[in-house]
Structures are given as structure tokens and as C-alpha cells.
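As C-alpha cells, one chain now follows by itself in the form predicted on its own.
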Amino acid sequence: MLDIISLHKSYGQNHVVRDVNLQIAKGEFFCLLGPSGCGKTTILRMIAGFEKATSGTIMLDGADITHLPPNKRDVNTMFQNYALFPNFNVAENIAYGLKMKKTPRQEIADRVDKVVRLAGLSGLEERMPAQMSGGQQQRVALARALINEPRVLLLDEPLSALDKKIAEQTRIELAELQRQVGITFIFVTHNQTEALALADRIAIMNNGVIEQCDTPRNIYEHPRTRFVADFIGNMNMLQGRVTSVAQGVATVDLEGAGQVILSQCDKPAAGTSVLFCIRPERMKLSLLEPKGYENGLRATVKSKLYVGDTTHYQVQLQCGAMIKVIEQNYLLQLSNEFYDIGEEVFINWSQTSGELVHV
């Protein structure tokens, strides 16, 4: 539905978006994720028409909209600060765009009623923005954007002003609303939890380029670059070199830490320098050496932090590298395997866990 082709934006010598290519499907909940200053909001503003592309093309349903003004694009934007009119009530805020288009009064009333129900605002139509919570204001802004029935809705950090509990509830409501209306959502955020929870696909940006574009699961489980591995969630990373690859099994020599084996892995080639990446929750501590299809490294417990459902351990390998291990406490209670600071242990994990990333 939306094709972004070789999109580039620069301000003088400052290149903020570099040769970005994306295809976004009709009805998809798509997320641009990355740290501040990576170029994600600039892409959103170019799609909306608020910024002019230095070069490249933006296609919507086969039509070139690259140089169209914002009001000529079938795209609506929900801004970070909501931009509600303080002297209009809820219904008036929502209806504003239709009134500017001189839509018939009865059609306005019908469409306002529909989006009010969709956004969970029934009974609040007469309330003023100042009388509403942040979460309610966010829903008003969303309803105002949806009432025009755009083909694409752009959302610029819409949950950033909400406290954690309200933001979590709003995420659920936003995902359900998007499924109901079937409109393509393009969501910009620096919050990885939001992106993983909401998106059908995520494009992770860094310094104006897309590092990886994939499903949330593939991005979390199979990062392709060091930046993605480090940016999403907690990740242990160790330098290594592939010593052999045969029949889908790779052997990696970790610098000073030992040797590990990865099954279901047929690349990179032997001799390649890599980062071995593994999530803390994929590992476990044990007093026993690994058996069967497990890897294991000797380590010493340096710290532990009990946080209710999990215990977070910091352990030091014999080479000096620090590794984080997150254990589920209900499993520790079943096995009675709690470890003390200074205790000598093995870090064990399955040969199917972990990922190799080119250095």
C-alpha cells in the first residue's frame, strides 16, 4: 500500500535519513523504532508532507505523493502533544476536520457517534480537554484522526506523555482499535516495549538507516546487527571466531572464555569473526557441568538481585567478561537452586539458543 523508495533527507551536510526503502501493507500496524535523532520522525513527517524529501519517492496505492501538500494526501497524523483545541469539547474536537470539509451535518453526527464508540469515549462528548485525563485526551486525538477515514494514520510517540500504567492499558486499546478499523498505522517510538507489543513489523533505525526490518519475534530472537542486538532487550555479547561449520552445526571459539556449539546454524563461514549473542533468560545457572545438547561455561556469581518473579544474576567468566542471567523464581523454588555471591557455577544453555552476528 505504501512504498518508500530510496528516501533521503539532508539539512546541508547533515544526512538524517539515508536511502530508506520500505513496503508497508494495507491494514498493517508498522513501527519505526530507534533512539532519539535516528531519523524516524523525519520519515513520518515526509510521509505526512510536513517535510520535503531531498530525494526519493513516496507512493500510496500506486500514486506518487512525494511532492503533494499535506491536505492532498489521504494520510492523517496524530501528534505527540495531541494538539486538541482547549475551547472545544470532545465532540467538537473530533468533528473539526469534517466541518472544515463542509461535510453535511447529519453525516458529521453519524461519524462522530461511530468513532466516539470505537474510541471508548461514550458519555464524554460534552467534556472539555482540561477536564480529561491524559489517556482520555489521547483517545480524543485518535478519534479526531480516524474520523476522516484516512488510508494511513501516522502516530508520533502517542503514548510518551502517559504514565506507565495508563500507557500499558492504552497499548491494549490501541491494538484492538487498529484491528477494528483496519487502517494502516505507522507508529513512531523509541520505546522497544511498545514496538514489540503493538507492531506487525518493526523497522529499527540508527543514524538515518534501517538496521533491520522484521517481525517483533524475529528481531528479538534473531538480530542481524550488533546495534539491533544491543538495542532490543537485554543481550549478552561475546567476541568469537567460527572454527567450523558442518551440517547446520557451528563451533565458535569465544576469546578466552571457551568453546560453544550452535545447532540450526549454517553461517557464517569458518574463520569469520563474530559476536555470540544470547538473551539472559535463555541461560541458567547450575552446579553441574552441561550435558547432552547444552553449552556451558565456568563462572563466579558476582551479584544477584531479587525482583519478585525473577532473580537477576551477574556472573564473571574465567576470561573476566561479565554475563547477565535471569532466572524465573518459581523454577528456582521448585529445584531449590538459589546461588550466593562468590559461588562457583556453570552457565548452561541449549545449543539452539544464541545468535551469531557479523562484527
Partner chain sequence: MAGNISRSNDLGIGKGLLLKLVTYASVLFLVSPLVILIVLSFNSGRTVSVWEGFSTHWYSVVFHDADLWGAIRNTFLIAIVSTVVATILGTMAALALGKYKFKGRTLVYNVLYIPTILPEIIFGVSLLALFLLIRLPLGYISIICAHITFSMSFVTLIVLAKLNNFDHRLEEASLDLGAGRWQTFRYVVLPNLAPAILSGALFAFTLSIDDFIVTFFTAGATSATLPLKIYSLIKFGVTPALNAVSTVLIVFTVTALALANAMQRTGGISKILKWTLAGMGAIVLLFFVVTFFFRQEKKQLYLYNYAEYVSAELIEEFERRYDVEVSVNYFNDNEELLSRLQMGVEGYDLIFPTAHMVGILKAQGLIQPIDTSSLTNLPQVDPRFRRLDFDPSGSYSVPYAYGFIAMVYNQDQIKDSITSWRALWDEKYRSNILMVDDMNDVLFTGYRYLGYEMDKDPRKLQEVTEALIRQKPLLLKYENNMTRDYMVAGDVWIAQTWNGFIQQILSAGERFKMVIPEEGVLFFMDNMCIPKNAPNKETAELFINFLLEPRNAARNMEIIAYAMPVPAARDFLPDSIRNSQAIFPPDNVIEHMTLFRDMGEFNTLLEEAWTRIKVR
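Numbering follows the first chain given and starts at 1. Just so it is clear, the model here is predicted, and its values are computed rather than measured. The term rigid core refers to the most C-alpha atoms you can superpose between the two forms while keeping them within 1.5 Å.
There is another form of this protein, the form predicted in complex with its partner chain, and it is not shown here; the text below is about that form.
Student: May I ask you to choose, among G233, G135, G97, G120, the residue with a heavy atom within 4.5 Å of its partner chain in the predicted bound form?
Tutor: Result of the distance check: G97.
Student: Name the residue from Q192, T184, T77, Q212 that puts a heavy atom within 4.5 Å of its partner chain in the predicted bound form.
Tutor: Contact check passes for T77.
Student: Using a 4.5 Å heavy atom cut-off, are F50, P70 and K102 all in contact with its partner chain in the predicted bound form?
Tutor: Yes.
Student: Where does its partner chain sit in the predicted bound form: which of 22 to 30, 41 to 49, 290 to 298, 308 to 316, heavy atoms within 4.5 Å?
Tutor: It is the stretch 41 to 49.
Student: At 4.5 Å between heavy atoms, is A83 in contact with its partner chain in the predicted bound form?
Tutor: A83 belongs to the contact set for its partner chain.
Student: Would you check, heavy atoms only and a 4.5 Å threshold, whether R144 touches its partner chain in the predicted bound form?
Tutor: Contact with its partner chain, yes.
Student: Hey, in the predicted bound form, does Q180 get a heavy atom within 4.5 angstroms of its partner chain?
Tutor: Looking in the predicted bound form, residue contacts with its partner chain do not include Q180, since no heavy atom lies within 4.5 Å.
Student: So, N218 and its partner chain: in the predicted bound form, are they within 4.5 Å at any heavy atom pair?
Tutor: The answer is no: N218 has no heavy atom within 4.5 Å of its partner chain.
Student: Spell out whether the Cα of L288 moves at least 2 Å between the shown form and the other one when the two forms are superposed on their rigid core.
Tutor: No, shifts by less than 2 Å.
Student: If the two forms are fitted on the core, does Q137 show a Cα displacement reaching 2 angstroms between the shown form and the other one?
Tutor: Where the cores coincide, Q137 still shows a C-alpha shift between the shown form and the other one that is 2 Å or more.
Student: State yes or no: after fitting on the rigid core, is the Cα displacement of T215 between the shown form and the other one at least 2 Å?
Tutor: T215 C-alpha, core-superposed: shift of less than 2 Å.
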